[in-house]
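Only one chain is given next, in structure tokens, and it is the form predicted alone.
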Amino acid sequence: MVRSRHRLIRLGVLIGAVLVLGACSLIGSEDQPLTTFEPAGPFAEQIDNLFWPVFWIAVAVFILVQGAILVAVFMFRDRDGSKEAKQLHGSPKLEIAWTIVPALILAGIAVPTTAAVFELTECDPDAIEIQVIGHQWWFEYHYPEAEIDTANIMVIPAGQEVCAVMTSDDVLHNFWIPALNGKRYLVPGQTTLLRLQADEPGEYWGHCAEFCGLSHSLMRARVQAVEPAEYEAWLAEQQTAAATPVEGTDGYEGFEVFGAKGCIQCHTVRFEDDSASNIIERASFNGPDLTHFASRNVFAGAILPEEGQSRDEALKDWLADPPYIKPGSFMPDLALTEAEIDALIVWLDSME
């Protein structure tokens, strides 16, 4: 019996160690770049600076409590002929001590935590506003000052604060860019705020952190921080309309497929020609604005292209059967032929 118990204990320790090491192996890897331990901006650093003191306080409390339990178990366990341990019930000094000390510890944690919560939820008046709208299963970004819409990639200027004004178009979502700040809910019919800032140019991955449906695990996000001058140039480029395809030119056949297959029911494309723009104007919004689709290096909720996959290969897989790539996708399988898919890819690649 004793030997069997020891084996179970060793097995439990081994399984626990494997799980812990397996979780640690994902931190900072290319496949799972979501980690809060590499802050890249002042707001993420503020959370990081708050986390570590609280963590070490919790570790100290854990060691003290577990140590006291072990001392009580081994020193005062029942033995044949041993005297009953002295009871301390009713000791005013001890009762005062174990009431005041935890209260002081909790107060020491609560005060800076509360201050940080209020500070992180109040945007600076001079911050750049970007509206974030959660959809099943992708994020839409609207820049109100420039009057442009994009998806999957939020472009921001490095070194400047961004105020993300967030809501949801359908169900509860949660916007999380761990290198730049903590999590914040996107609530249908309500508005929440999230302060974002990247100290240096770079790409910062994020994810929806609230279960929101069948493809929740495939709802990713990416923040791309660029130099301020590059950001202004990007805004100017995004404000331009797309060139209207002309019959006989590259992309025209794909444009025809786009209109014939009903893609216009969900997607918007802003063209230079008003007549073409009216054709593509969406009746109801379900999918991203495709005016500058080719300027984004990820699509389909930022899950494509996969590692080692070219953009055109990923587009071909996505257009062939969207619900297979993203279960529950509102983009249906249109039964496109290979020729139609190739034509669409040529046209989409021209939408820079």
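Residue numbers here begin at 1 and follow the sequence given. Predicted model only: the values in this text are computed from it and were never measured.
Although not depicted, the form predicted together with a small molecule is the subject of the following passage.
Screening 174 to 182, 100 to 108, 187 to 195, 137 to 145 for residues having heavy atoms within 4.5 Å of the small molecule in the predicted complex returns a single hit, 137 to 145. Under a 4.5 angstroms non-hydrogen atom cutoff, the small molecule in the predicted complex has K261 among its neighbouring residues. Interface membership of K316, defined by any non-hydrogen atom within 4.5 Å of the small molecule in the predicted complex, is ruled out. Contact annotation: G41 falls outside 4.5 Å of the small molecule in the predicted complex, judged by heavy atom distances. Under a 4.5 angstroms non-hydrogen atom cutoff, the small molecule in the predicted complex has H267 among its neighbouring residues. The candidate site formed by N152, K326 and L344 is fully in contact with the small molecule in the predicted complex, as each residue has a non-hydrogen atom within 4.5 angstroms of it.
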